[in-house]
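First comes one chain, alone, set out as structure tokens in the form predicted alone.
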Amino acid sequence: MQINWPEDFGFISKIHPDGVRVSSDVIASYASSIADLLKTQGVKPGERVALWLTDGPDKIAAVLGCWMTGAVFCVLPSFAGNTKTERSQARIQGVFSVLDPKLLLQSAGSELPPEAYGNVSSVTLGGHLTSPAETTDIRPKLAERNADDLAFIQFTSGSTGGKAKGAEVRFRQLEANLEALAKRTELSAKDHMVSWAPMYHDMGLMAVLLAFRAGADLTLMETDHFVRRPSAWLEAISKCKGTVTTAPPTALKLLTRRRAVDVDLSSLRYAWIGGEAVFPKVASEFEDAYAQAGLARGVIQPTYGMAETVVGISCGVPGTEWITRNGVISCGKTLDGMEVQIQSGDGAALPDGTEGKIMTRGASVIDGYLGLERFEKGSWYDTGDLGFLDDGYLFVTGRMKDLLKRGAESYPASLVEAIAEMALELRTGRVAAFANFRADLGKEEIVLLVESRAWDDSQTRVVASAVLGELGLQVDVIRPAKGGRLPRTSSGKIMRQMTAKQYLEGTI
């Protein structure tokens, strides 16, 4: 694995709201200490190490320390610390049963509850980490990794809805995706990456590894710090003159409503936005809101990808104008080394402008999930998403299994949800849309559940009118979710199928 070190790393957290800089020598020394620790714990090349570490130097060093010994790391999803209910306990136990780690590394003061990891050996970092007496160059050890070695296990966002799926990412797939993304985004050692995205998510992890790849400066913000003060993200970009960043559209929507003040975003040249559907209205309103703060047009670039392709399949070119078709924004052209084809239900390739299944293949597609069947080499991978191509540009329109049908028309659930959220001025991810088959009525009804603890009939009318006005779609049921909460994946996405199941059972 090729690593190009920045001089130092920046970390922003509740403890260090103004940020703290840690030299590369210290990170390298920590990584060497962790590598030695893994060896004393009997961790062998190819064995898996689970990471439950607070955001900061320890987590970065642990990733590198694992690679130095040939171990395969997995940053555990955020729900790992929640074992309050039977269901939440089953979720994390499902991850551990699939991962089957040799060791669990934890941070002092934030250890997992013992029932989460069972009999897995655990070590709490603390006195194990030492500052350097002299410069430690760990790059030769990292360079020893073979292309076919496993680099890490990335549990997919859907892993919380059924059997846990751990994507096996090998160094050849990782390096291919990093190289393609760096080329498309024109990333170099002159850049400064700023990220608050959690490292258990592919976007957060790749933000770190992209900076490593290019030798770009790196400032990481603790995800919880962003949650407490979203404006801290833009303040950090302003303060350190960040040039590259990443975020889901939820963050754009939130900071359009709750604007950060006294920030200068003129240094920012590229922000790849993904992880969920990107709508033109959300992107353009954010651009408009921060134009006076120096945000240039074309900085915000929608992207498309998933853990099964390491992270990226397509994204836009810095500074280019978005292309929209029928209210859908393009996610750019396919990255080098990747292919996209739009297919019909029977597997036939479809012409430009025709909606169908998004299929992909290429250098970044994984070989399979941990403990499950292998993907056929060179075959098309079914993303589960719908979309179309136009002159090489990819447009994502929705999920295959999340389509709402009325007559001969089909409507992406994500689009219906977005209209309802905008009508109620809610954050993204506060509405779930799904179809419910009513045997007693002999019809399929369309249901909208809203995450709200204060609800009245006027809100029902607002949502119904907005969806009807925008799409001509009549929604059958609009009401709040019982308990005010909707089920989510580890990355915060609404679990529509789980929501529909609970609705049918009368538990939501």
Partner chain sequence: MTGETETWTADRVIQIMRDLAREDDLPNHLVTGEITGKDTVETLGIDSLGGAYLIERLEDTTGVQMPDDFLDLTDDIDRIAARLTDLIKSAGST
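Numbering follows the first chain given and starts at 1. None of the values given here were measured: they were computed from a predicted structure.
The same protein also exists as the form predicted together with its partner chain; that form is not shown, yet it is the one meant from here on.
Here the chain stands alone, but in the model of the complex its contact with its partner chain, taken as any heavy atom within 4.5 Å, falls in 247 to 255 among 247 to 255, 328 to 336, 138 to 146, 262 to 270.
Put simply, of Lys401, Arg406, Lys190, Arg427 only one has a heavy atom within 4.5 Å of its partner chain in the model of the complex, and it is Arg406. The partner is absent here, but in the model of the complex a heavy atom of Thr460, alone among Thr69, Ser29, Thr460, Thr54, sits within 4.5 Å of its partner chain. A residue is said to contact a partner when one of its heavy atoms sits within 4.5 Å of a partner heavy atom; Asp476 meets this definition for its partner chain in the model of the complex. The closest heavy atom approach of Ser465 to its partner chain in the model of the complex falls within 4.5 Å. Contact annotation for Val227: at least one heavy atom lies within 4.5 Å of its partner chain in the model of the complex.
Residue contact check for Gly472: one or more of its heavy atoms lie within 4.5 Å of its partner chain in the model of the complex. Residues of 20 to 52 are not found to place any heavy atom within 4.5 Å of its partner chain in the model of the complex. Shown here is a form in which the CA atoms of Gln474 and Val282 lie at least 3 Å farther apart than they do in the model of the complex. Whereas the displayed form keeps them at a certain spacing, the CA atoms of Arg479 and Arg257 lie at least 3 angstroms farther apart in the model of the complex.
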